[in-house]
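Before any questions on how it binds or moves, here is one chain, the form predicted on its own, in structure tokens.
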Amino acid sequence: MIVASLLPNINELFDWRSLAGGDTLLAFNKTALMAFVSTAICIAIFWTGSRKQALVPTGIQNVAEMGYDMIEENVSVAAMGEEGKGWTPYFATLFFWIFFINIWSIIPGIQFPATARIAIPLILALLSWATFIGVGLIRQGPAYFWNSINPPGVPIALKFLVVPIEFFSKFLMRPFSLAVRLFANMTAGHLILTIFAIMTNELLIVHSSGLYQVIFAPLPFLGLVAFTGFEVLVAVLQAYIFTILTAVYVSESMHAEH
């Protein structure tokens, strides 16, 4: 019972009620609270880390600088080259905010990632979608749309097939895939942890049939521990994938294909 009590009810997976008990569309619920707390954590880390610049960074400053440098080298420069360094503040914010709203999935008493609500991945995906389209229009002008869906070197006879496919994949599927990938992976992890916790709890309950089932309780509990560690990796990986794909899309929008 103890293990299961730490988990939210499975019915709340997609419908977390308002903290005040309301059921309205704009109610401030637990998912919104996690998003606000994650935002506060990000601000606190980077504000504290940059407030006093020491020659040899320690503590929070060291964490903030290492995190920023990691995103700059592995996202900004890797996807966009040297000109991507100017985008590092945005990509760092995106990565760490997604990571912190993901990592709620292993916090005792919560154990529910905010990204398991489709609204948050969808808003993030639409933000990335608007960003790379905006960059494309600024850098290439109205020709951006045609340049994006008209790959060079394609025979004229095939353009009637290629152009619609490119439009669909670049302007419709990209935000959809970004949102669904993040949502599905974090939801799946949450469900797996819930299942192992429920299995452990049920085996620990003494039934009238006897105590024999208790000896099997360590097996799902070990699975719960292992998948909790794996969930940390998933939280980091999904934040990185979302961020690097956004960087790639922005990079593509900055220059017309040749």
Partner chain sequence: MHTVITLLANDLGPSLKSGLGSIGYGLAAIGPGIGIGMIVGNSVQAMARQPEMSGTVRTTMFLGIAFAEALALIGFVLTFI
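All figures in this text were calculated on a predicted structure; none of them were measured in a lab. Numbering follows the first chain given and starts at 1.
As for the form predicted together with its partner chain, it is not shown, yet the points below apply to it.
Colleague: Considering non-hydrogen atoms and a 4.5 Å limit, does its partner chain approach S148 in the model of the complex?
Modeller: Residue-level check for S148: no, no contact with its partner chain.
Colleague: Test of understanding: in the model of the complex, would F183 fall inside 4.5 Å of its partner chain by heavy atoms?
Modeller: Answer yes; at least one heavy atom of F183 falls within 4.5 Å of its partner chain in the model of the complex.
Colleague: Any chance V63 has a heavy atom within 4.5 Å of its partner chain in the model of the complex?
Modeller: No, V63 stays farther than 4.5 Å from its partner chain in the model of the complex.
Colleague: With a 4.5 Å heavy atom cut-off, would you call I165 a contact of its partner chain in the model of the complex?
Modeller: No - in the model of the complex, heavy atoms of I165 and its partner chain never come within 4.5 Å of each other.
Colleague: Looking at V135, V154, L127, A78, which is the one with a non-hydrogen atom within 4.5 Å of its partner chain in the model of the complex?
Modeller: Contact check passes for A78.
Colleague: Identify, from the list L191, M70, L203, V232, the residue with a heavy atom within 4.5 Å of its partner chain in the model of the complex.
Modeller: The option sitting close enough to the partner is L191.
Colleague: For the three residues V214, A217 and L219, which mark the spot I'm curious about, does each lie within 4.5 Å of its partner chain in the model of the complex through at least one heavy atom?
Modeller: No.
Colleague: Taking its partner chain as it sits in the model of the complex, which residues of 82-105 have a non-hydrogen atom within 4.5 Å of it? Please list them.
Modeller: Nothing in the stretch sits within 4.5 Å of the partner.
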